[in-house]
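In structure tokens, the next block holds one chain alone, the form predicted alone.
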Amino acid sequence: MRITSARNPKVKAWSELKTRRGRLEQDRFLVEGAREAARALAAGIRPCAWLVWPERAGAEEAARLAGAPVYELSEAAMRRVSYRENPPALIGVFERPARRLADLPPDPRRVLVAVEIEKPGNLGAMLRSADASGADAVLVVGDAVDPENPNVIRASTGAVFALPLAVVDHAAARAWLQERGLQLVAAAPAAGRVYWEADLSGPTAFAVGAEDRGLPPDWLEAADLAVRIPMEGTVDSLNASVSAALLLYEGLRQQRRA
């Protein structure tokens, strides 16, 4: 089906998926780019529609993805739907996954707990590091950006689809971690122990908060251990995604040697 008008009702509905409200109301989300769309498909997320810009390089290959109706959009229509300044040849419209605790592995050894991360780029980069370091699960906790935000998907390079991931409130997250006997390690700048001096060889959950506020007090109180990342220069903090990557890889190193 060919759609040329940017005012088409379908185009309007798809464009609303760029907002969190639109994603919640329609229970759909956008995946921009063939690589990310292929990763969503591989994770078993159901496509509802493929939006193709025929004049764009790569459109022919992108349109081979199956399982849903294909709509050919004009440049004006594609630009209205896309979150990017330069839209790709393909945008997939997918059903939103449930993101439930019940779907996570029952006996994880390394878990990333992303607490109230508001910046999509930060959460996406954290998910990318979690996937690269072999984390067993990720909890997105509290008033955080939703994993289906287009910039989260883009920054994660599709890792958001590969990871077992749950979106939960604070109490449910801590209860789940406690039930599984995970050591809760909090990233805290004022902590006395440097992270590589801590024993991370057992099943461990790493809690990282927003870089401007850090972890809420209740997470620091609930932690079994607080660790810091040494800051030798003039800056007093790291990007949250960098902090998460350092902790996850140290956990991986220690657990491999255990």
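Just so it is clear, the structure is predicted and the values come from calculations on it, not from any experiment. Residue numbers run from 1 along the displayed sequence.
What follows is about the form predicted together with another copy of the chain, which we do not show.
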| query | finding |
| --- | --- |
| Stretch in contact in the model of the complex with another copy of the chain, which is absent here, among 178-186, 157-165, 144-152, 97-105 (heavy atoms within 4.5 Å) | 157-165 |
| Non-hydrogen atom within 4.5 angstroms of another copy of the chain in the model of the complex for each of E25, G44 and Y83 | no |
| Listed residue (P217, P69, P230, G192) with a non-hydrogen atom within 4.5 angstroms of another copy of the chain in the model of the complex | P230 |
| Contact flag, A132 vs another copy of the chain in the model of the complex, heavy atom cut 4.5 Å | yes |
| is_contact(R7, another copy of the chain) in the model of the complex, heavy atom dist at most 4.5 Å | no |
| Heavy atom of R128 within 4.5 Å of another copy of the chain in the model of the complex | yes |
| Residue contact check: R2 to another copy of the chain in the model of the complex, 4.5 Å heavy atom | no |
| Contact set, 198-212 vs another copy of the chain in the model of the complex - heavy atom within 4.5 angstroms | E211 |
